[in-house]
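Shown below, as structure tokens, is a lone chain in the form predicted alone; questions about how it binds or moves come after it.
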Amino acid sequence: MILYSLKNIKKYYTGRTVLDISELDIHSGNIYTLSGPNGAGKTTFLNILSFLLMPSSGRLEFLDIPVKFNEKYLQQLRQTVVLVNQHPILFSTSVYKNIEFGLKVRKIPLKKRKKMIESALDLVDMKGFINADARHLSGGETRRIAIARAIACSPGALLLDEPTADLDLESRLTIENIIRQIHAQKNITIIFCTHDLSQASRLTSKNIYFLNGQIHDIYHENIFKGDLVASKPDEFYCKINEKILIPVQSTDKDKIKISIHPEKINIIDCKKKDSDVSLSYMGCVTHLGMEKDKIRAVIDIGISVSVLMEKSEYDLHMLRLNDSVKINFDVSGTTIL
């Protein structure tokens, strides 16, 4: 079943196009991730899907019915779709009353509320906080209560804007597990924003990548801004900072934004005598993780770059967290955006 259908949806702000979607269908019962750089249009897209923002033009259908952007009609839809913001605000009262608020608005009888609240808290593993003061929760706990507040309302779709941003690793993994459990137990559509493509791939194969307000088939990772410099007439680089130069194709712009394909970053064996490759950089491994049948490593060379490699290459280099490694960049993997 198609939950959302979008055709020629555009959104303008002060004459600037921030969203331009020619056609997109979102099917019910799936997990979707929205990825892309800051300012790519992801939050605007979520606000339109949650009926909090009206598109400037185009056609939006929900459950095969065209959406009418008048307040009375939208109020009904907003009870079906719930959006949890990146920085959710809880009322200065108990956790119980925070979750109860949405149920009151929906006129749920008093006798049913407690059971629904306890069930929602149990789903996010926060049942012991039912009488806690919401003002004293940590960042991760606040996100989990906000998700419980949304789930208690039994939405047809749950929209999450950067639910794991600025959280420690343990809290991020906890929320990932909560998303899996909600989907498994409730079988509702979940759409969430993330900058972490490894996180997206762990949760779903249905990723929608945004760039400049449009949906792209190609993922762009390792996005950096810099100055175009030339060492020779036919050799061009993006100068990220005083120490880092990334090889690029020629362009007529002085200031550029580039994307580096994570599979086009080479790990160099420092033990070999011939490992003195030009424009190579020493760094430290700060993250390792499985991504389908490949290994993703994040390496800090003064900037954090994400490297995707075959397991055989990983085994060859025997990478471990906090290892020192040397890398260089293949010009064929660099795209000027």
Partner chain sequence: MSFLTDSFLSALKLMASLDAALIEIVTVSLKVSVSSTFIACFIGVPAGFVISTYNIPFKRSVITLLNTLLALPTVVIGLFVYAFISRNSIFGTYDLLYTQQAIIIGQSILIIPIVCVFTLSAINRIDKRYRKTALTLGANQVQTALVILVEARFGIIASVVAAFGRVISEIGISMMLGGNIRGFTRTMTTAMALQYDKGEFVLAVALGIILLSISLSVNILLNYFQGKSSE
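Source: prediction; values computed, not measured. Numbering follows the first chain given and starts at 1.
A second form of this protein, the form predicted together with the partner chain, is not displayed here; the remarks below concern that form.
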Region of this chain that lies against the partner chain in the predicted bound form, out of 204-212, 88-96, 114-122, 251-259 [heavy atom, 4.5 Å]: 88-96
One residue of 138, 231, 185, 75 in contact with the partner chain, assessed in the predicted bound form (non-hydrogen atom, 4.5 angstroms): 75
The partner chain: the contacting residue among 134, 179, 81, 238 in the predicted bound form [heavy atom, 4.5 Å]: 81
Contact flag, residue 244 vs the partner chain in the predicted bound form, heavy atom cut 4.5 Å: no
4.5 Å heavy atom contact, residue 102 to the partner chain in the predicted bound form: yes
Any non-hydrogen atom of residue 170 within 4.5 angstroms of the partner chain in the predicted bound form: no
The partner chain contact in the predicted bound form: residue 30, any heavy atom under 4.5 Å: no
The partner chain in the predicted bound form reached by all of 195, 300 and 327, non-hydrogen atom within 4.5 Å: no
